[in-house]
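Only one chain comes next, encoded as structure tokens, the form predicted alone.
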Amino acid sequence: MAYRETEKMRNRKAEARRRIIECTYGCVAGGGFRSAQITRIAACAGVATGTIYRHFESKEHLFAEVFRIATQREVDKVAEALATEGNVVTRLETALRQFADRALRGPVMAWSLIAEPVDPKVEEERLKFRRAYAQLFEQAIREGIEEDSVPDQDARQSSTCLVGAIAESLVGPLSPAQAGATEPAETNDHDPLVDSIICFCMQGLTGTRR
């Protein structure tokens, strides 16, 4: 007689997988992918290390899944900002500002998503999500050109430049070395940095200083 998995067993497996992902996410948020050791994740999730490999083909596959989950949250936030009221320039500025603000409020996770050296499989996901951000910006730029709030330009190329500019400008401030040399602030003191990044991006996009 063929073995048939019960609903209870399926639920137990699903719960174990959820805990593994949740604990991996927590490890990455606290110390980057380098701190997410399989033994540590297993202990946190309350499973054996072998159980992790029954759910994920390899550590790289687990990390890629966590990367997708974490980055999709940020992509969704950018999409939400671009879907608000106002002209395209205002919405783009809001989206870029939110991206930078969220990154600086969660520097460890942001560094992990933007610049931490990672395995090739995770790097593939990073490139996919950079394209996802660029596609959102490209659509907004095209709308801006149509409504005449953005000068005529190559929307695809400009969107790629926006993603590159904001990501690269955050690498230094988010790097572990920089974070370790700075005292934690009780209040948000990143406004001048964010303002400078947004000013550069929007001036490049519109040709005028915001």
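We number the residues from 1 along the sequence you see. In this text the structure is predicted, and so the values were computed from the model without any measurement.
Heads up, the form predicted in complex with another copy of the chain isn't pictured, but that's what we're talking about next.
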(request) Specify the contacting stretch among 36-44, 165-173, 65-73, 49-57, defined as having any heavy atom within 4.5 Å of another copy of the chain in the predicted complex. (result) 165-173
(request) Examine Ser196 and determine whether its closest non-hydrogen atom to another copy of the chain in the predicted complex is within 4.5 angstroms. (result) yes
(request) Answer yes if any heavy atom of Val108 is within 4.5 Å of a heavy atom of another copy of the chain in the predicted complex; otherwise answer no. (result) no
(request) Considering only heavy atoms, tell me if Ala115 and another copy of the chain come within 4.5 Å of each other in the predicted complex. (result) yes
(request) Would you check, heavy atoms only and a 4.5 Å threshold, whether Ser149 touches another copy of the chain in the predicted complex? (result) no
(request) Counting only non-hydrogen atoms and a 4.5 Å cut-off, give the residues of 51-79 close to another copy of the chain in the predicted complex. (result) none
